[in-house]
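In structure tokens, the next block holds one chain alone, the form predicted alone.
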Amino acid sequence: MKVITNSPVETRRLGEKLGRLLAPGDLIALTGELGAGKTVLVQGIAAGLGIEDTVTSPTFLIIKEYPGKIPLYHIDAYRLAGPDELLDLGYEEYFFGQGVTVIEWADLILVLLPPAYLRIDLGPGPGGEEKRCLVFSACGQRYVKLLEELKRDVDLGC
């Protein structure tokens, strides 16, 4: 599934729609260059989960936890020296916990991801500095169904 957003507000709104569909144990793997809109999307996901805290990139902390009815575990793999460093942080607690895990720069730790997850590749959209193209890929039946639900609520814009 591919979605074009025209602004950070639309990217955040898309994240909110996705967040409302997520359940404990879900894992979202985000990829994209600096400034692609990953953190904006996570802010929307948090809002969709009902989390009221201000969500910021956990670049220097690696992992931030946001409490809520369904907690959000926000991981940024950008500064990791490699997958082994995440092993030392006890990633299993997050990947297989009671919350939703969203990983920025997930392409740097693909070997650690479980077989089932939702991958979202973010990049520049056509014809505008604020436009973004988000490509969704479902790994596993849970995420195939999740994308089917999301499609019903989203203007694909392409």
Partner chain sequence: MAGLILGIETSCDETAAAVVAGGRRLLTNIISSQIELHQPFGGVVPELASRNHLENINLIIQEALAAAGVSWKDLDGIAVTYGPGLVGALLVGVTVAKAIAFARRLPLVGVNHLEGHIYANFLAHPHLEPPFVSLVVSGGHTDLLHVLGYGRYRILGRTRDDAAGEAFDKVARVLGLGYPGGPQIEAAAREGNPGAISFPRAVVKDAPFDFSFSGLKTAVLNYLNRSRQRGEIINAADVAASFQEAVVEVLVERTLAAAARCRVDRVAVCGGVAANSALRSLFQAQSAGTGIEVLYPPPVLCTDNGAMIASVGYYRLQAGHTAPLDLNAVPNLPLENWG
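Just so we're clear, the structure is a prediction, and the values are computed from it rather than from any experiment. Numbering follows the first chain given and starts at 1.
Just so you know, the form predicted together with its partner chain exists too; it's not on screen, but the next bit is about it.
Looking at I70, A29, I63, C133, which is the one with a non-hydrogen atom within 4.5 Å of its partner chain in the model of the complex? Exactly one residue meets the criterion: I63.
In the model of the complex, the one of A47, L89, A116, L110 near its partner chain [non-hydrogen atom within 4.5 angstroms]: Filtering the options by heavy-atom distance leaves L89.
Within 4.5 Å of its partner chain in the model of the complex - does that hold for a heavy atom of every one of Q43, S57 and Y94? So, yes: the whole triplet contacts its partner chain.
Using a 4.5 Å heavy atom cut-off, state whether G127 contacts its partner chain in the model of the complex. Residue-level check for G127: no, no contact with its partner chain.
Are there residues in 20-40 with a heavy atom within 4.5 Å of its partner chain in the model of the complex, and which are they, in order? Contacts from 20-40: L34, G35.
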